[in-house]
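There is one chain below, alone, in structure tokens, taken in the form predicted alone.
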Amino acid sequence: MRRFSTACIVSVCAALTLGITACGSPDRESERLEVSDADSPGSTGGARVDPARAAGLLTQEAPPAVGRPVTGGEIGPRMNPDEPSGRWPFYWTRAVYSSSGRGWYGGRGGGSWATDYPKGDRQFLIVLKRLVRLNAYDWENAVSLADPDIRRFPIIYAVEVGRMNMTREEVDGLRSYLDAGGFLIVDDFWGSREWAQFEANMRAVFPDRPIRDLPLDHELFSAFYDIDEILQVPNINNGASGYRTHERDGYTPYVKGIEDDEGRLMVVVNWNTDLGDAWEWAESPYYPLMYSTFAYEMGANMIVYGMSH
């Protein structure tokens, strides 16, 4: 597997550490790890960073014309509705769906769609823009599957789909989006019970399209980095403790997919793994580098594949 250089790793981790100010408050998992000053928006793990200095060191800054709070409306901060189409070629877009579970959005409870939101999204963008040189919008962008505006965004990201319980409008919206050429990335759900829930929701979207395992010679695994092994990426607590990588009965990680009639991958499914936690906690000295490296490589590959197909 092709790996980042040491210089790249140091640069990215430094940027992430300095960039925590832009990522809002850590979530519930950081509280369990007793990170100092966890509720302070200016916290960097105990050391304060001057905001002006941090902005000068980072290549990623919030667009000056668009102010962004840590939390926003019902579905979170998103692109300015008055922003002209095409101002930014790429938006990392979080899929908002109905569910039976709760996530952690901006330091307060939300649907399971909001797990690791918005810190994970913002931090992923910081690294993605450095690795892929993608001209991307710097902020999170959460859009409901039932919102017709979802077609403005070629890639959407859905997490904790083991608690998904889509409405008819969301099912129709997702089917229409994927049939029109959209690309869905699924992440962070574990075990047979959550798989059954996700599979039932996808059968409502595509009754006749199977979910297949993707072999390692699939072009997804060489779209940007050459990946020759699927690692199981643990959540922050399991990764930091080194105790185990799995959750529930999700012992083996899989990358699966749903294809259209021409063989284009419409949906990529990361099951029994948590790429999002690796993106969110890559700056932590307690999170193993091998997992965050793999997660960012997979992220880059999925973005490049989705944007080029």
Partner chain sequence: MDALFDFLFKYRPLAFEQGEFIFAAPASVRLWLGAVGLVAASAVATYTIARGRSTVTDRSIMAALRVALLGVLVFCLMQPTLVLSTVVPQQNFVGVLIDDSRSMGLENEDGTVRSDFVAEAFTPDTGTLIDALAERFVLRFFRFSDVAGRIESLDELSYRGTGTDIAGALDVAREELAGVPLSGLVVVSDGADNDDRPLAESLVPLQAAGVPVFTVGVGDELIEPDVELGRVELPRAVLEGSTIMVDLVVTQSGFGQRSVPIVVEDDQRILAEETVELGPDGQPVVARVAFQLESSGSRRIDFSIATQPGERVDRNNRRSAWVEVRGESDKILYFEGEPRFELKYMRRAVHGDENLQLVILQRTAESKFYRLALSDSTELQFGFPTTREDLYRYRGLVIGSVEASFFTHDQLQMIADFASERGGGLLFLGGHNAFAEGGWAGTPVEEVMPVILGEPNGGTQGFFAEVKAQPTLAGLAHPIVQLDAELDRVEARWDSLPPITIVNRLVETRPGATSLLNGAVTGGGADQVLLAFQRYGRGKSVALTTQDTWLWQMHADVALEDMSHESFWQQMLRWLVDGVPDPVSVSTDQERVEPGETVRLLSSVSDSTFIDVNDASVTARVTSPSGIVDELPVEWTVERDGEYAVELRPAELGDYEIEIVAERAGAPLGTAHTYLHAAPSDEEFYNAGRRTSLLRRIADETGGQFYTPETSATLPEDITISGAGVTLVEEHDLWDMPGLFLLLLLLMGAEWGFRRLRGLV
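Given the structure is predicted, the values throughout are model-derived calculations rather than measurements. Numbering follows the first chain given and starts at 1.
Keep in mind the form predicted together with the partner chain is missing from the figure; the text below concerns it.
Asker: Please name which of the stretches 219 to 227, 192 to 200, 163 to 171, 206 to 214 has residues with heavy atoms lying within 4.5 Å of the partner chain in the predicted bound form.
Answerer: This holds for exactly one stretch, 219 to 227.
Asker: Would F90 sit within 4.5 Å of the partner chain in the predicted bound form, counting heavy atoms only?
Answerer: F90: yes, in contact with the partner chain in the predicted bound form.
Asker: May I ask you to check whether D260 falls inside a 4.5 Å heavy atom distance of the partner chain in the predicted bound form?
Answerer: Contact check for D260: yes, within 4.5 Å of the partner chain in the predicted bound form.
Asker: Residue-level contact is defined here as any heavy atom of the residue lying within 4.5 Å of the partner chain in the predicted bound form; does S100 satisfy this criterion?
Answerer: S100: no, not in contact with the partner chain in the predicted bound form.
Asker: Taking heavy atoms and a 4.5 Å cut-off, does F183 contact the partner chain in the predicted bound form?
Answerer: Residue-level check for F183: yes, a contact with the partner chain.
Asker: Just give me the residues of 139 to 155, first to last, that have a heavy atom within 4.5 Å of the partner chain in the predicted bound form.
Answerer: P148, R151, R152, P154, I155 sit within 4.5 Å of the partner.
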